[in-house]
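Just the one chain here, the form predicted alone, laid out as structure tokens.
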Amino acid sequence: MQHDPQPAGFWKRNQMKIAPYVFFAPGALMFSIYVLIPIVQSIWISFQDWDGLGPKTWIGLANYVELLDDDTFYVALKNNLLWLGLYLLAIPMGLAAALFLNQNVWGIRLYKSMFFFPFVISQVVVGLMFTWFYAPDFGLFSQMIKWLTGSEVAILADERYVTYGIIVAGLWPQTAYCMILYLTGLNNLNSEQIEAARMDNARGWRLLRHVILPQLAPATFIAMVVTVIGALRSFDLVSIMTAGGPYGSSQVLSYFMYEQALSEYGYRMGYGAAIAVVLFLIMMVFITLFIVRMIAQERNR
């Protein structure tokens, strides 16, 4: 006598449908707790007058109105845009370094470790190194300028050059990071496509532009997003090298936010949150443009 098979349980019947959500849930929970909720809280605080400890007072758009009348805000915004424009140079420089290092020659591992070194050291160390590099009395850069021109230039004390000096310091580790992304991409290239292109007499720039760079598009996208975020949140180097000086000429939005909300100048959490919201919106504009462009390119393939 045969027994009817017992009906499968809910989990077994829906295992393939439920499993993705089970794996997705922990990451979504952590993302919500540490990213989404703080963003919403920052936006809410930006409409308040709050010292971080006492009661909050609703003031509406007053923080944003004050921000638009603050000259320091425009200096910081201009410097951030300058950071953004020059920081993107890390992407082609990282690509050039990756193409140079992607060779099977003697000693290439030593060269790779030398190029990789800036990425593993702290931004604080980078800031201190370049502060000494630019030092008027004993810095190597100042001594070179003195040898070439006969006069010393105090890069970090000159309003005309200070932001450029800090950006150069930031480009050093950022170029190394982009190089690592491109080296990973170069190791995963489709060799059959490259061989087919060479058989069609594709060499040099043509091979790079039409065969290699399209395959490196994911690495380029990640490099762009990370570089844009790094340029807009450029806090560490400014804090270590100049603390926003001289006379506030090297201010950026992230350091301006810290100065208003957490430094000895005053615990204006609402005003600092308003600066953070503006910085977040600028960042989202650029990242959204990159994502839309990437989706459009994928659809056109």
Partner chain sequence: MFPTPIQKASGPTRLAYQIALPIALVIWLFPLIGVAVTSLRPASDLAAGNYFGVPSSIAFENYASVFRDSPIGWYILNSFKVTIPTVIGAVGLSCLTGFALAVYGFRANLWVFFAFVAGNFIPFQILMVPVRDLTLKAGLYDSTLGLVLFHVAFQTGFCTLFMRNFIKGMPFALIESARVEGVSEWQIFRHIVLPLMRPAIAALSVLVFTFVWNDYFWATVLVQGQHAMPVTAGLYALNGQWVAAWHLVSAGSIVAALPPVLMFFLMQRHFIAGLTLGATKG
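Remember, it's a predicted structure, so these values are computed and weren't measured experimentally. Residue numbers count along the first chain shown, from 1. Under this definition, the rigid core comprises the largest set of C-alpha atoms superposing within 1.5 Å between the forms.
One more form of this protein, predicted in complex with the partner chain, exists but is not displayed; see below.
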item	value
Partner proximity in the predicted bound form: residue 120 to the partner chain, non-hydrogen atom cutoff 4.5 Å	yes
Contact test in the predicted bound form: residue 267 vs the partner chain, heavy atoms, 4.5 Å	yes
Contact flag, residue 160 vs the partner chain in the predicted bound form, heavy atom cut 4.5 Å	no
Heavy atom of residue 58 within 4.5 Å of the partner chain in the predicted bound form	no
Neighbours of the partner chain in the predicted bound form among 218-248 [non-hydrogen atom within 4.5 angstroms]	218, 219, 222, 225, 229, 233, 235, 236, 239, 240
Core-superposed comparison between this form and the one not shown, residue 64 Cα displacement 2 Å or beyond	no
Core-aligned C-alpha movement of residue 38 between this form and the one not shown reaching 2 Å	yes
Displaced residue check between this form and the one not shown: residue 28, CA, 2 Å or over, core reference	yes
